[in-house]
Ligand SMILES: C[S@@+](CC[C@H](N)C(=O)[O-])C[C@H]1O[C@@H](n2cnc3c(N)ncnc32)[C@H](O)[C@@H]1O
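We begin with a single chain expressed as structure tokens, specifically the form predicted on its own.
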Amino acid sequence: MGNEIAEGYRGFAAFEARGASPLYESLALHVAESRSAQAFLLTLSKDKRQPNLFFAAVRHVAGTPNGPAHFDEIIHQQGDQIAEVMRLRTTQTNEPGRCAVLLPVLAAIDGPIALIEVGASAGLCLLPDRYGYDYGRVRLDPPKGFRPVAPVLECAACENTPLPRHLPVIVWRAGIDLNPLDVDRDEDVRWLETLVWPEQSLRLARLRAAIGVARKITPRVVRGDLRRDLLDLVQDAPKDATRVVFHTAVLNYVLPQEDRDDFADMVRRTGATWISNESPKVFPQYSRHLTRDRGAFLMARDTRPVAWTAPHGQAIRWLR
């Protein structure tokens, strides 16, 4: 089991943290070699051992460590509090930047749209029509009523990406999450901020701006399990709108594979348009004949792959 942890943390260092967070890269490599850190993780259930959750919990309890030695000291002194946070919390990274890769698909759908997000956290990705976007050759400003609070989300798009020329018309929106977060609750906001990696000040500023927008709208996020409760939410959507179900970096936490495939079948039966933006490992059948883009998510519309996307929405590479 310790070897499995070590391999997972080495993979995180190489494919996720490298080039994005020098601190998280060094901490992940340290955990991969540290018997004491692995012993700590083994006191937790398997689904609570992810690097993002571990490092965020450490920072939530004790602030950002300055390196592996300080990290070990924090674990030794405050391990009980850190473990408690890890048992109670999940990695509900609510990255509004992901709306930038969602928008080219969303804007091509006949509206008006009823938008439904699975794994919505605090609902920040339910507001793509309230943000601005900068794709380099195309820029869309936020709606007038949300300037200057709303963030302008930057995204590098390849030449053949069908960039939108207008924001979608969303007339109804709702999300579902096992543990919805509340943008008006200080402790929930602090957890969302802690989930942003330590060196990424622009991501933190973007998150805070999106929270400001959400506080104006308060998107509806209901407590529920995607395997049991999504159908009720889809049925709540207005019948005269195009229902769109989407999710990003959610189904990797759903195991086994049979449950993921059952979820896919359920969404297709609703008749809703389905946008999946996940690791290619989540639905390997969709990426079987594609050249992998290492570290990227695969976005698909109604099971058809359309683009490789960067995990935080910072880039999109459209498939020909």
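As the structure is a prediction and not an experimental result, all values here were calculated from the model. We number the residues from 1 along the sequence you see.
The protein also exists as the form predicted in complex with the named molecule; that form is not presented, and the subsequent description refers to it.
Trainee: Can you say which of 230-238, 208-216, 154-162, 117-125 gets within 4.5 Å of the named molecule in the predicted bound form, counting heavy atoms only?
Mentor: Result of the contact check: 117-125.
Trainee: Answer yes if any heavy atom of Thr248 is within 4.5 Å of a heavy atom of the named molecule in the predicted bound form; otherwise answer no.
Mentor: The answer is yes: Thr248 has a heavy atom within 4.5 Å of the named molecule.
Trainee: Determine whether any heavy atom of Leu202 comes within 4.5 Å of a heavy atom of the named molecule in the predicted bound form, and answer yes or no.
Mentor: Result no; Leu202 lies far from the named molecule in the predicted bound form.
Trainee: Using a 4.5 angstroms cut-off on non-hydrogen atoms, would Leu226 count as touching the named molecule in the predicted bound form?
Mentor: Yes, contact at 4.5 Å.
Trainee: Determine whether any heavy atom of Asp177 comes within 4.5 Å of a heavy atom of the named molecule in the predicted bound form, and answer yes or no.
Mentor: It does: once the named molecule is placed as it appears in the predicted bound form, Asp177 has a heavy atom within 4.5 Å of it.
Trainee: In the predicted bound form, do Glu16, Ser279 and Leu290 all reach within 4.5 Å of the named molecule through at least one heavy atom apiece?
Mentor: The answer is no: none of the three residues contacts the partner (heavy atom, 4.5 Å cut-off).
Trainee: Tell me, which of Leu29, Met266, Ala272, Val254 has a heavy atom within 4.5 angstroms of the named molecule in the predicted bound form?
Mentor: Spelling it out, the residue with a heavy atom inside the cut-off is Val254.
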